[in-house]
Structures are given as structure tokens and as C-alpha cells.
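Okay, here we've got a single chain as C-alpha cells, the form predicted on its own, with questions on binding and movement later.
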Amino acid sequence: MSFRRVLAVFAGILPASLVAVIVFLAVYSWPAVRFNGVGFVTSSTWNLGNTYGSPILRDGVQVLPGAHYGILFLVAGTLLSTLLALVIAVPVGVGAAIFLAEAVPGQLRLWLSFLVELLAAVPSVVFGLWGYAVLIPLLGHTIFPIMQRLLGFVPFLGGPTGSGYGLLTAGIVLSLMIVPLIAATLRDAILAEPMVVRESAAALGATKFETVWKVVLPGVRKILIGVTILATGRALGETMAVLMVSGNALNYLPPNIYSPISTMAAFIVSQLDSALQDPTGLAVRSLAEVALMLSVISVGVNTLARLVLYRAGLKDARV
């Protein structure tokens, strides 16, 4: 019984840590929450105010003259870049997993799998530097103009292409960071599927592709959903790589896929030094409110994904 209690204590550390972090952010940012109100998530204006002016009293809170905090542009940049990353990474990751598990012989599979997994060990700042030095010039000078010329009639793909910093660039860099997670996890799940399943499909006349697509992949559906949850969390919280390639747009909703953006995590890092210049402390507390909103979004996404997994389990049980 004591062993079970020890395990229960260790198992409770992670959820307790999450609750503690969210409670801390809620308490610390409460003055900013009261001051900003609903406009915090419906406005796209972030203004520290006159940092050389004397603080004034507004709505019972000391603030700098002209201070206003709205993060709609941050929410849009975070969700859009994460969505783009998943749209790119999930098909690529699934394809890489199928290739490694089904089409590559044993010894070569080990080396290729090692190289794929090695990508997950690369620090994010290295991806950011690569994106800055290689990807931004390539996209800004070559790829984006071609896309705009060929696909400009498609909504969100027309308009100015900019210099290469922006939403699509951030999505590509994020996708490269989460592809190894998806590919490695799904490859192991595919290899763990019983050989009798493949043999049964082949005995019924299914081709190799039909066996993988209609028999093996449905069997690892829950694993795919689960690893997509992890990849979403990684993309939502990524900081340095996005900071280096997104363009750090301020008070700006992206009109097209090439536009500069800023994400919530990257914005906290880029604005912390300026926020510390606010003698009232409200700017730092507003950044804490940004962190609180990011935590809420992450928990919400994971909860939604868990519901999808639960419904998938019920459907499998009925079958």
C-alpha cells in the first residue's frame, strides 16, 4: 500500500505543477485582468503608454498615460501559425512513418529513424537561425512571388508578399520542429501492429498501399491523435524560432499568409524588457495575463483532443 501511495504522489506532481502555474499566473495578473477586461482579447492594440509620464489613476488602477493592452493579433498569430504547422507536419510525419515502417529494410530503417529522431534534439534557436539565413531569403525573393502570381486569386494567398518574414515562414519552421515527434511515435505504433493483420489483408487481395491505408493506419488512429496533441502543444509554446522568423508584428492582424505576425510566447520574450520600464508594473502583469491566456488555450486544445480520443474509444468499443 505504501508503494502505491508513493507512486500516487509522484503521479500527482505534474498535474499539481500545472495547477500551481495557472493559479500563480491568475493571481499575479489579476490587477491587469480587472483593468483590461474583455477588450484584452477583442482589441489589437498593445501600447505601454508614455513611459516618461507620471502614472495616473484609471478604474482604480495606477497606469501610465495612454496605456492600453489588447492581444487579438497575438491570439490570431498563435493559432494560425500552429494550424499551418499541423497542416504541413501531420501529412509529412504520417508519410515518413509509413515509409520508415513499411518500405525500408531493417538496418537502413535504424539509421534513417535515428536521423529523423535527431531532428527533435536540435535546439529551436538553430531552426530559427536556419530560417533567418536560408528560408527567409528563399521564400521572400523566390517562392512567395511565385505563389502570389499563381495563386493570388485564392483568398488569403493574394496581396503583398513582403520580405519573407511572416505567417507561412513561421508555420514551415514550426512544422519542421514537430515532424520528428509525429514520425517517430507513429512509426513505432505501426511496427507494433500485429503481422497477422497485414497477412489477413493480403489474403483478402489487398495491395500493400490498401493494407497500410485501410487496415494499419485505422489501428493506430488513437496514437496519431495523441501525438498530434503533443505536436500542437509544442507549436503553441514555441518561442525563439518563431521570434526569429515571424516578423514580430505589433497591433497587426495578418491580411494574408505572407504577412508578419507575432505569437503569444514570442511576444512575451520580445516585450519583457520594455514592460519592465513601466513603474506601475501593469505592463508586466499584462504579459502575465498573456501567459495565462496561452495556458488556457493549451489546456483547452488538449481537453478537446482528449474528448476526441474518448469518442473514438467509444466508437471502437461499439464496433
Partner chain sequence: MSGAALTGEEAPFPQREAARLGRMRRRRMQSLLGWGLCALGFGLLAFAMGWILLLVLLRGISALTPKVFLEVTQGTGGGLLNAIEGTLLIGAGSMLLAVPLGVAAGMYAAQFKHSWFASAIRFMADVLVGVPSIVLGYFGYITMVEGLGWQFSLAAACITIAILCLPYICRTTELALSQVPAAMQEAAFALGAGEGRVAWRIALPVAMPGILTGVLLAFAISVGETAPLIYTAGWSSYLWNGQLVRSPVGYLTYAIWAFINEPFASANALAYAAALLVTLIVLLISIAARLVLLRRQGAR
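Bear in mind that the values here come from a model prediction, so they are computed numbers and not experimental data. Numbering follows the first chain given and starts at 1.
Just so it is clear, the following notes concern the form predicted in complex with the partner chain, a form of the same protein that is not shown.
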| property | result |
| --- | --- |
| The partner chain in the predicted complex reached by all of 48, 83 and 153, non-hydrogen atom within 4.5 Å | no |
| The partner chain contact at residue 149 in the predicted complex, heavy atom, 4.5 Å | no |
| Residue 291, heavy atom within 4.5 angstroms of the partner chain in the predicted complex | yes |
| Close approach of residue 205 to the partner chain in the predicted complex, 4.5 Å, heavy atom | yes |
| Distance check, residue 193 to the partner chain in the predicted complex, heavy atom within 4.5 Å | no |
| The partner chain: the contacting residue among 179, 75, 186, 167 in the predicted complex [heavy atom, 4.5 Å] | 179 |
| Answer option from 87, 225, 133, 197, heavy atom within 4.5 Å of the partner chain in the predicted complex | 133 |
| Segment that reaches the partner chain in the predicted complex - one of 53 to 61, 24 to 32, 37 to 45, 250 to 258, heavy atoms within 4.5 Å | 24 to 32 |
| Residues of 118 to 134 having any heavy atom within 4.5 Å of the partner chain in the predicted complex, listed in sequence order | 118, 119, 121, 122, 123, 125, 126, 127, 129, 130, 132, 133, 134 |
| Relative Cα spacing, residue 302 and residue 123, in the predicted complex - shift of 3 Å or more | closer |
